[in-house]
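Shown next as structure tokens: one chain only, the form predicted alone.
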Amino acid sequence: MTSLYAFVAGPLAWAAFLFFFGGLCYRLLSMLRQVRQSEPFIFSYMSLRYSLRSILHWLIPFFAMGWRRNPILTGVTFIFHISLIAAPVFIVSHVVLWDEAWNLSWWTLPDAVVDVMTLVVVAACLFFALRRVLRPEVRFVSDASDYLLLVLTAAPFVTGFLAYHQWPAGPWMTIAHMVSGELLLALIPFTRLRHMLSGWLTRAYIGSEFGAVRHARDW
């Protein structure tokens, strides 16, 4: 068990980070190369000002018209993404690991708050899954990979919650938590989860086109 834990916490974790950062760099370079080959004129009107303006307005809940049209989906989406990022970054146990490995530390959230955020992420994944089943327009563009991604996203939070509360007791749930988190991290650049990178670039492109070319708002 000790050797398995050492492998998961060591080489497997390094491999996950390598796939994550290497994959994101590959995706970024591929997108830029594709744009240069197919639509090089885009670079002529890309604007930092209009890009940031668009991104800022779409980061504010219910500010953009698209957010206001779907208030329930908007609320769930924002709470989900905030919890998805904040829970693993600011949980005490993860910060302790960073401090022990790299002498890096930052403020943490109370365990009770992280527990709530964890349950929010799991509940939101169930909401997104049900939405894909119940809404015809969403079900039409969904396939098995979409549901699998929701399972992969929820898995580190479910296993982490169970491991923290020791349900059941033992090291296996901790290892399952680590493996599921590393698997999710490694797969992000190669699945639809890569929107964590491409979403910003798409919003920058749309903001630049509307602002610099159409002289209109995109929110």
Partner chain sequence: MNERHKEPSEIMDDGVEAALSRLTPEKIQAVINSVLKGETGARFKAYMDTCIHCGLCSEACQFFLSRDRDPHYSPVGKVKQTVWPMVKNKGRVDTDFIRRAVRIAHTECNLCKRCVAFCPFGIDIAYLMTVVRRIIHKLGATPLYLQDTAHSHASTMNQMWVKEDEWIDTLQWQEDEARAEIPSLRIPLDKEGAEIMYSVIAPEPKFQAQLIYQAAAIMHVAGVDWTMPSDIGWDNSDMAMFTGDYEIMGRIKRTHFEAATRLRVKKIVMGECGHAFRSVYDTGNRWLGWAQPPVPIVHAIAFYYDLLKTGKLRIARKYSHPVTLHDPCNVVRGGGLHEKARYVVHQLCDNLIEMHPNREHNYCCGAGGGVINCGPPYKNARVAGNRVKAEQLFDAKSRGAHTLIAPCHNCHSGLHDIVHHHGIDLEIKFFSDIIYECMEKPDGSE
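Positions refer to the first chain, counted from 1. Bear in mind the structure is a predicted one, so any value in this text is a computation, not a measurement.
Below, we turn to the form predicted in complex with the partner chain, even though it does not appear here.
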Problem - Stretch in contact in the predicted bound form with the partner chain, which is absent here, among 104-112, 130-138, 88-96, 117-125 (heavy atoms within 4.5 Å) - result: 130-138
Problem - 4.5 Å heavy atom contact, residue 35 and the partner chain in the predicted bound form - result: yes
Handout entry: Contact flag, residue 169 vs the partner chain in the predicted bound form, heavy atom cut 4.5 Å
Key = no
Problem - Residue contact check: residue 199 to the partner chain in the predicted bound form, 4.5 Å heavy atom - result: yes
Exercise for the section: Would you please decide whether residue 48 lies within 4.5 angstroms of the partner chain in the predicted bound form, comparing each non-hydrogen atom pair? Expected result: no
Handout entry: in the predicted bound form: members of 55-92 within 4.5 Å of the partner chain, any heavy atom
Key = 58, 65, 66, 67, 69, 70, 73
